[in-house]
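As a starting point, one isolated chain is supplied in structure tokens, in the form predicted alone.
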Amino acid sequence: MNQVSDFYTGPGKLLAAIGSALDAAGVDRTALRPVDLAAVDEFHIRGRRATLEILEALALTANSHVLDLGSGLGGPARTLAEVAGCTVTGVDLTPEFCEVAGALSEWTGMSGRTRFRVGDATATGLPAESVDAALTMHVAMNIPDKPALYAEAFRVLRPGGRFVAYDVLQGEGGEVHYPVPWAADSSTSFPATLEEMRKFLPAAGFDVISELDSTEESLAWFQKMRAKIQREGPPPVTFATFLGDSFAQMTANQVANLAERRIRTVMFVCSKPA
């Protein structure tokens, strides 16, 4: 899976690039809140809004310990910790992402409730039944062995706990246009179909509580984001900070992929039987 990690590791030092961009925009790093970084660290379609939907679906309390499988730069973890008051452990394959996630948590005053470790989402090494809730957002597209991913989520979750999988699925409109934000080409891209997901999750042991298709909202989100950037220019830091020069083409492809139903965005809310 080093090929996947390499894709997400951009040229130069990511943390320095984010800090420089914030400084150049006149942002006071001593007063940062998680929402201020959403344009770069909520690295998934529909951004922070989708994270808040997941927070509600997980039914979190301040006592909850949450596992984020494929935690990236830690945006969702910080949002969950800030809004719910819970603690979040993030596991991600990319060492630089974990390093940056820890630093951004320090910048936003969230280091006491979030921690990040390098690891494989299909084999975290965490104790069985050690977390109250778990989630994965836009991660499974890079993982060919999805049964292993969902089996691991089931294993670490306590009985009665909830698991949310919010991912990009293969649509009925044909092959995906590449590059996209998770892959330069099909060699590291493995989106499941809706029919496969409906089999994978119960096979892992989960009860599926709900299934929400947000494809139309995702298309509108991309169109709105693109129009805003054309009108006002980009925010101080964006996904382009680590996706590089291909970001514009990726965004255009995502609009086409969604409009042509080559991809769909679907959120599955599940529970582990008590």
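These numbers were taken from a predicted model, which means no experiment stands behind them. One-based numbering along the sequence shown.
Heads up, the form predicted in complex with a small molecule isn't pictured, but that's what we're talking about next.
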property: Close approach of S105 to the small molecule in the model of the complex, 4.5 Å, heavy atom; result: no
property: In the model of the complex, D120 touching the small molecule (heavy atom, 4.5 Å); result: yes
property: Partner proximity in the model of the complex: G70 to the small molecule, non-hydrogen atom cutoff 4.5 Å; result: yes
property: The small molecule contact at R155 in the model of the complex, heavy atom, 4.5 Å; result: no
property: Interface segment, criterion being heavy atoms within 4.5 Å of the small molecule in the model of the complex, picked from 219 to 227, 28 to 36, 41 to 49, 244 to 252; result: 41 to 49
property: Triplet L80, M110 and F116 all within 4.5 Å of the small molecule in the model of the complex via a heavy atom; result: no
property: Interface residue in the model of the complex among V139, V131, L201, A84, criterion: non-hydrogen atom within 4.5 angstroms of the small molecule; result: V139
property: Contact assignment for the small molecule in the model of the complex, among V91, M197, V164, V176, heavy atom within 4.5 Å; result: V91
